[in-house]
Ligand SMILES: Nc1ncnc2c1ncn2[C@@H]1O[C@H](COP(=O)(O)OP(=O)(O)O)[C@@H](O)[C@H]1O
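One chain follows as structure tokens, the form predicted alone.
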Amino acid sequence: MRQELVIGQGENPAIIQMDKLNRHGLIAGATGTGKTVTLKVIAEQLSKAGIPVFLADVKGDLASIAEPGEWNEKIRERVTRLQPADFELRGYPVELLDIFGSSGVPVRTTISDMGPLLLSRLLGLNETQEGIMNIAFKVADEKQLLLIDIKDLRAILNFVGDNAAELRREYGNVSKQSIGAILRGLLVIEEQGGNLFFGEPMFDIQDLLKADADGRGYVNILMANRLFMSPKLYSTFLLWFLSELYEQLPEVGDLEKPKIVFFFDEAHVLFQDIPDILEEKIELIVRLIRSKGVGVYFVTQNPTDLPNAILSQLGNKIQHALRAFTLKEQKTVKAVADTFRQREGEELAKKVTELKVGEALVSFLDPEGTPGYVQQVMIYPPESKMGILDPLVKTEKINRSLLFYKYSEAIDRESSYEQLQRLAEIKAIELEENEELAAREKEKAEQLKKLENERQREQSRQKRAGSSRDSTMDRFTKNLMSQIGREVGRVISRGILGILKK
């Protein structure tokens, strides 16, 4: 098996060692200098080697890798000049993916799987709001509430707000104003199509790791021209994909060839207004994911768009032309030139500005893992079609995909929204029953009190009537009892003393 990829020709072939692909890389250059062709050529070479690829088609000109190219004067001239081995106009196996489901296989994830950190990035939350998002996830975990789609997240946030007083003792202050801000952010995401992205069935990352019957790796293409209109959604989605690869794949160390190569196009949007904690997480993933057999290649206009901590981990570099019309741009060009390993006396900064379309400065890791000296090369022409994928071919690829039948129908199973709704209904029934019981107890108490009052009034009436009617009888009775008492006393005296008193 071939252990290297050749993507161009200068004084020497531009060779990327296959077992160094997981040391990551950079494809940079100004608009119109050839980045798309370079990306396409690398994807073709990877597919030939049986390595799956994931890339995002932002401009709509990468999906055409599925169709064979056409001979023209420029292609013939470059093939004749560079003599690429095994060159043949051909298409490559593709899977077309689309979070909106209109231009490819629907791709979904769940709110729970996305996690509070990426969601906070997606919604542009401040530190306080991010804290509340973490509380919402914590409460959902403790109560075993499933967070699948946006309505689930909205339901748990409302639950947290309604129970803020109780939760405050354990988690601190829960501001209803902050919850309101998060809910408003969810509305924006829904309008951008987030309601289609969050749901089930969730996309299985293992479906990216496959080859066709000829052993060629699939080129998994995210149809992202509409998605890129919402840069935060675009960058968060790709970051979720990357983190899924990191979380799901086992540790394998350095392989002879990677399991998959991930291209992050328009990478500058990932690091715009990014919180420090998320940047640190990205840096950590990029550093560790190589041991999972994954190569990550950032595609951007300017290398300085990326943080230094990321740039320092990119071993394979391809730099197309940069423009230097202003003082700031000139400083940037010099900074870019200084990142390459160059021979003494080489005016690399000047070369960067003079590169023609299709030319690039490249520096790849050698078999020992040492950065090679920079050289100027002409990139090979692509074997696949340049331009836009034919709509009929696109439809055919989607309809014939096994993944389409796996993911086309959304599933809305019972989750937090339904669970909390049922809980609210139970509480409402309990409250109604308690209110009815309290009402019955109150009515019973009032009836008892009424009966007691009537009894007391009756006794009072009887007492007053008896007092008037029996006054004469009472006097007679008193006199009679007085006489009886005296007689009884006389008898008793007799009986006791044994004599009769007179």
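Residue indices: 1-based, along the sequence shown. Keep in mind that this is a model prediction, so the values were computed, not measured.
This protein has a second form, the form predicted together with the named molecule, left out of what is shown; the following refers to that one.
Interface membership of residue 380, the named molecule in the model of the complex, 4.5 Å heavy atom rule: Because a heavy atom of residue 380 falls inside 4.5 Å of the named molecule in the model of the complex, the answer is yes.
Do residue 34 and the named molecule come within 4.5 Å of each other in the model of the complex, heavy atoms counted? Contact check for residue 34: yes, within 4.5 Å of the named molecule in the model of the complex.
Report whether the minimum heavy atom distance between residue 410 and the named molecule in the model of the complex is within 4.5 Å. Looking in the model of the complex, residue contacts with the named molecule do not include residue 410, since no heavy atom lies within 4.5 Å.
Does residue 358 reach the named molecule in the model of the complex if we count a contact as any heavy atom within 4.5 Å? Residue-level check for residue 358: yes, a contact with the named molecule.
Thinking of the named molecule in the model of the complex, which stretch from 35-43, 48-56, 63-71, 440-448 has heavy atoms inside 4.5 Å of it? Careful reading of the contacts points to 35-43.
Between the named molecule and 30, 78 and 386, in the model of the complex, does every residue show a non-hydrogen atom at 4.5 Å or closer? Affirmative, all three are within 4.5 Å.
What residues in 305-338 sit within 4.5 Å of the named molecule in the model of the complex, counting heavy atoms only? Not one residue comes within 4.5 Å of the partner.
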